[in-house]
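Two forms of the same protein chain are encoded below as structure tokens; each is given separately, as structure 1 and structure 2.
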Structure 1
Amino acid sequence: MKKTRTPLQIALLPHLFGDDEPLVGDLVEEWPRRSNAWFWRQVVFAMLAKARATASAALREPQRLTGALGATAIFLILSFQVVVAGSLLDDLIRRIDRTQMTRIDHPEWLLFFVLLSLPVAWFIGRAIGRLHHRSRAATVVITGASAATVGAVTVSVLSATDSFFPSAAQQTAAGMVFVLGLLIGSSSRSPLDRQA
């Protein structure tokens, strides 16, 4: 019985082991004589070996870690700033108009809100990516306003109390999703952008 190799599995190999052509060639060549379980075991083992080698090299040369650690730290700081800006905006809105301020106060809606904020953030990120070259000031204002608005809505979803940070961990997680969407949106380019 001849085994069929799915295009997804074959196409996945160069992305996983792009610079290791002998490994990819050996896996593709040996796979028809072996089971699918063997193939996936080999892929997982090769990925673990590659991750171990990369980690070992990073420990020998710590300067390799600075870029990744710096990017992670900036991401966490930006996410927490979304929480702070949202809480400040929410507090300002409550001070301005206490009598007519309505709270959403449905913590169970947080997951829906977070999932909705990801495509919104991607769209805003795309717009920011295009606007960035024309006006950096407008880019900063739009990014900050959108982040503060998302943070304020997150506070409104989570809290009916008057506490300033009703759930900092949940707010930060929601902020991380929004910031990630902004980053993905601003870094992705459409075919029209590539032609320009």
Structure 2
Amino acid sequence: MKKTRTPLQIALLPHLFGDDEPLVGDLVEEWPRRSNAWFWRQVVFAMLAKARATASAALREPQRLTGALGATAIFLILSFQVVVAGSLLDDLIRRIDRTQMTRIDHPEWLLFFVLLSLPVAWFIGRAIGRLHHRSRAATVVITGASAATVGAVTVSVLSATDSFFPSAAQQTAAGMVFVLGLLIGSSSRSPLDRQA
């Protein structure tokens, strides 16, 4: 019996195996005759096979690892900066002027704030991506400053008490969301870039 295709499953394939047109075509062609379990087994196995092939190719040519290792290092450094530099900045603000600081004491706003930080970071990251070609020093300063500011804001401005974030792990996770947005934004290409 021929079943109706689920657009989501089909739409997902090019994102998973974008450069492997024959495999995607085979899955699209064969799936109507098979079960959903067959389809997902095939997808998971093909992803694992692809990851294995990529890893072994990277081991044969170590220079391929440079980009991935660099991105991971930047991600970790910025996340560290969000938490540590943000906390230091927060401490400095408290020492300078404790009374006039506007603080919002609504822990339920945490998720909203964290989610909002992602598109904000994406825009900043995109601007940084364009700036990168002109000035590397400016790129480093803006990236570091924005990460530290977000750290200070998450620790300080949104809370009247020190326990706005229940744990350091959650503070780190919130910071990582912002850093992730920065990295995605900086690596995304604008339509103007594509035309060039």
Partner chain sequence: MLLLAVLRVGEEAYGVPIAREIEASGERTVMLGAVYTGLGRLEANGLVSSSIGSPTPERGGRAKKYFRVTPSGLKAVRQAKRAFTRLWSGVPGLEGGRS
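Residues are numbered by position in structure 1's sequence, first residue being 1. Computed from a prediction, not measured in an experiment: that's the story for all the values here. In this text, the rigid core denotes the largest set of C-alpha atoms whose superposition between the two forms falls within 1.5 Å.
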_Can you tell which of the two structures I gave is the form predicted on its own?_
1
_Given that the chain moves as two rigid parts between the two structures, is it the case that Ala173 and Asp91 are assigned to one and the same part?_
yes
*Enter the domain rotation angle in ° for the smaller rigid part relative to the larger one between the two structures.*
28
*Leu78: how far does its C-alpha move between the two structures, core aligned, in angstrom?*
2.8
*To one decimal place, what C-alpha displacement in Å is found for Ser56 between the two structures with the rigid core superposed?*
10.4
